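Take a look at this single chain, the form predicted on its own, given in structure tokens.
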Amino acid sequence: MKAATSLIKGGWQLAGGHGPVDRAAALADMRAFVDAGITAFDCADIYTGVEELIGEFLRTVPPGTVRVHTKCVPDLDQLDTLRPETLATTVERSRARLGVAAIDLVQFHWWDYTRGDYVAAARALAALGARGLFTRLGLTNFGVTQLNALLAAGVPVATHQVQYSLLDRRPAAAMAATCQAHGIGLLCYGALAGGFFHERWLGAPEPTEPLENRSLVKYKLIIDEAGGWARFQTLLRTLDRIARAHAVRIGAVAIRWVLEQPGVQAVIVGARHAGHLKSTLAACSLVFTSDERAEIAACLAEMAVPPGDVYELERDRTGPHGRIMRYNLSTS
């Protein structure tokens, strides 16, 4: 069994790409998550308005109540000429938006390994942590080769945020073992596949574009990589049977599976609101039977794993996964 501290409230869906954000409701939802024991919030410098929103909430609770994880995501167009001063400006801006003396975790991302020097940038970022601007340094969406290069250069990596779900098991290939060997906790997003792991999609016809938000666009591509809509429906039926046996929702089963994977420290739940909070929390106390684990494993054996290392598909800016990304947002 894992406590609510193994869940993190995600912030991407508050950045405006999923519809209008009601500020008062968003703040009330943050309170509901904290009251439920979910006291780590994830955001990014490129999530428009989210750091400021969390900062506003932090002013309403005692210091130390919430741990904030943000990201440092240099623009693609900055990579060739990125200087340490730019990284310092980015982190200082995040500190100001959040209104904290030191950020709990800064997670570093790099769009294109062929441009600039990501190792030098990570070392410069680590130096900012040593100065007290943040407590821990993490990564997000790095490959195994690049992670090893950072470790060899002495970069103190505490966590690694990756996409990990029943549909996307790329981290299990090598990343999980590498992180475990170095004491790096995996923080996993995408466990709910942008909302596809929900009863509303059980037995539903395959959706066609335009889809209603960016998450559905992103994770429909992952469904396609994993074998397509028919195989996804087979998986959903299996999860639904297990969910009904435990009086929980499909989403809780999907989250629980990720929480049980080797090396996983926490799952990031990208909720727009607290409406599904109770069903999400059920993942923490859910215990699969051996037969249920075997059912899920049998389903997964019939499905494909998206090819390549963590985030490798998404790095191809000419491919369907890369074309939907926004690469120059940190200076906006």
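Just so it is clear, the model here is predicted, and its values are computed rather than measured. Don't overthink the numbering: it's just position in the shown sequence, from 1.
Not pictured, yet referred to below: the form predicted together with a small molecule.
Residues within 4.5 angstroms of the small molecule in the predicted complex, judged by any non-hydrogen atom, belong to 187 to 195 and to none of the other stretches in 149 to 157, 187 to 195, 125 to 133, 258 to 266. The small molecule in the predicted complex comes within 4.5 Å of a heavy atom belonging to Gly270. Contact check for Asp45: every heavy atom lies farther than 4.5 Å from the small molecule in the predicted complex. Taking the partner from the other structure, the small molecule in the predicted complex has a heavy atom within 4.5 Å of a heavy atom of Tyr219. Within this chain, Lys71 lines the site of the small molecule in the predicted complex, having a heavy atom no more than 4.5 Å away.
For a residue to qualify, one of its non-hydrogen atoms must sit within 4.5 Å of the small molecule in the predicted complex; all three of Asn141, Gln161 and His276 qualify.
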